[in-house]
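The chain below stands alone and is given as structure tokens, in the form predicted alone.
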Amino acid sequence: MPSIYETYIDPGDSIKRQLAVLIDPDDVTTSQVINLVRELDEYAVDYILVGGSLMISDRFEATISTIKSITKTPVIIFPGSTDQISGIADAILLLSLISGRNPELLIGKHVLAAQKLKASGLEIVPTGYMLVDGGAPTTASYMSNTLPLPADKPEIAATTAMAGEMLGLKTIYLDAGSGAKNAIPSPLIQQVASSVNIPVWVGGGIRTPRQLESVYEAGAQVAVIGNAIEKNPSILAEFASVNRSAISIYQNSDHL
């Protein structure tokens, strides 16, 4: 079977743009997780991310276990701390916060987690994590003690992503953060995507199908939805429709 990374770095002829949903165990009950995951299965969401910046509950591993018990959709850890490691997931985005200058989140925490990660059996995807200003302070920015990249300076984001790729990172993750007022602007996504030869994920502030469509059009391989679906699960059908349209456009393009 292909690795998680291979499913989005080289997704083949049938899928070009993919959709992931982020579940924060602090924000949902077990029953909400079950209902949400069943809906995700219905709409063929590609990945389920689990994690959070704060994690005040002790439901991290239980949440992953619940998800794995009812779906075959790959579960990927989106870690907010070294405590968020579990071998029952399929993979982990090993985040290096390259947009900031906090050495603990560039390499320090990774050293502390290295032995546990190696023993976990998880597929590890080295990921350049870049916080982008979403118009409001976010938990991720506060907890990381870093400033987000300015949303109106795409060249800064692009050169940062380029440096991450040169360092050997395999994925770039652009994040406006949970609770962001604004989605990441298309020109910034576009400049980052055109500056690197590794997949680009985009999350934070995507609340409408049109915003999701813009993320794909700008060049993101994977779009990540979180709060919008937690607050309004019925919008998932609209998001899934946009994702299917992106697939259809790709199938009928010169890529085939």
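The model shown is predicted, which means the values in this text are computed figures rather than measured ones. The first residue of the shown sequence is 1; numbering continues from there.
If you look for the form predicted in complex with SN-glycerol-1-phosphate (1GP), you will not find it shown, but the lines that follow are about it.
Just one listed stretch, out of 174 to 182, 148 to 156, 69 to 77, 101 to 109, contacts SN-glycerol-1-phosphate (1GP) in the model of the complex at the 4.5 Å heavy atom level, and that stretch is 174 to 182. This chain lacks the partner; the member of Gln211, Asn227, Gln191, Gln221 within 4.5 angstroms of SN-glycerol-1-phosphate (1GP) in the model of the complex by a non-hydrogen atom is Asn227.
Using a 4.5 angstroms limit between non-hydrogen atoms, Leu19 is distant from SN-glycerol-1-phosphate (1GP) in the model of the complex.
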